[in-house]
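Next up: a single chain in structure tokens, the form predicted on its own.
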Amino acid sequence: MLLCDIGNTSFHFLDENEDYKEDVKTFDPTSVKKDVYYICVEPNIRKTLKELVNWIDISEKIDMSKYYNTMGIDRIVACEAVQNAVVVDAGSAITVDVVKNSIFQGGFIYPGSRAMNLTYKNISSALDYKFNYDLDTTKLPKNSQDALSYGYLKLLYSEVVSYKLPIILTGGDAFLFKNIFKEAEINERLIFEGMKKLIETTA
């Protein structure tokens, strides 16, 4: 089974147990001859793929009444993969979604680390620090780098753990945030697991 998660910059494929990426600017979808089950956040690419019979849009298999209209398909499919969890997708933005008994409870969007770094830098060059992911969140900071890190990371951590559910980290910065969310599980293939589940339950 060939799966593909299409974002703004890449086609992310999972072919059985092997995953790989292709650049959206150079990759030709017609070069793939086998059936591909996909999700896509980019409208122009979706329009192109609609013309290819071997590219099958999984989003059409989702009961959208469980979610809200403007919710990203990648977030929805990740939620479909779990029964009870807080899903933290740490990328250019951080999305946090709560699922209880396989029902989406709601979620929120938080700035990604690079976006927040730029925010502080734009306020003052004196605040141009990288976040300290080894921060001890049980103690108030006594230096500028940790003060910025605490304000950003502790607030996110406190909100996420307040739901008292297992925490699943995914996305490009998952391993960085694991230092803060020590009790969390990292699952880099969570979206693919959600895709497989949708295919199996709607076959």
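Throughout, we count residues from 1 along the sequence that is shown. These figures come from a predicted structure and were not determined experimentally.
Here the subject shifts to the form predicted together with a further copy of the same chain, a form of this protein not shown in this document.
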**Asked** Would a further copy of the same chain in the model of the complex be within 4.5 angstroms of a non-hydrogen atom of every residue among Cys4, Pro43 and Gln83?
**Response** no
**Asked** Any chance Met116 has a heavy atom within 4.5 Å of a further copy of the same chain in the model of the complex?
**Response** yes
**Request:** Indicate whether a further copy of the same chain has at least one heavy atom within 4.5 Å of a heavy atom of Pro141 in the model of the complex.
**Result:** yes
**Item:** in the model of the complex, Tyr163 touching a further copy of the same chain (heavy atom, 4.5 Å)
**Value:** yes
**Asked** Can any non-hydrogen atom of Ser31 be found within 4.5 angstroms of a further copy of the same chain in the model of the complex?
**Response** no
**Message:** Under a 4.5 angstroms heavy atom criterion, identify the one residue in Met64, Leu176, Leu155, Ile56 near a further copy of the same chain in the model of the complex.
**Reply:** Leu155
**Prompt:** So which stretch, 44 to 52, 22 to 30, 143 to 151, 167 to 175, is the one near a further copy of the same chain in the model of the complex (non-hydrogen atoms, 4.5 Å)?
**Reply:** 143 to 151
**Message:** Pick out the residues of 104 to 120 whose heavy atoms come within 4.5 Å of a further copy of the same chain in the model of the complex.
**Reply:** Phe104, Gln105, Gly106, Gly107, Phe108, Ile109, Tyr110, Pro111, Gly112, Ala115, Met116, Thr119, Tyr120
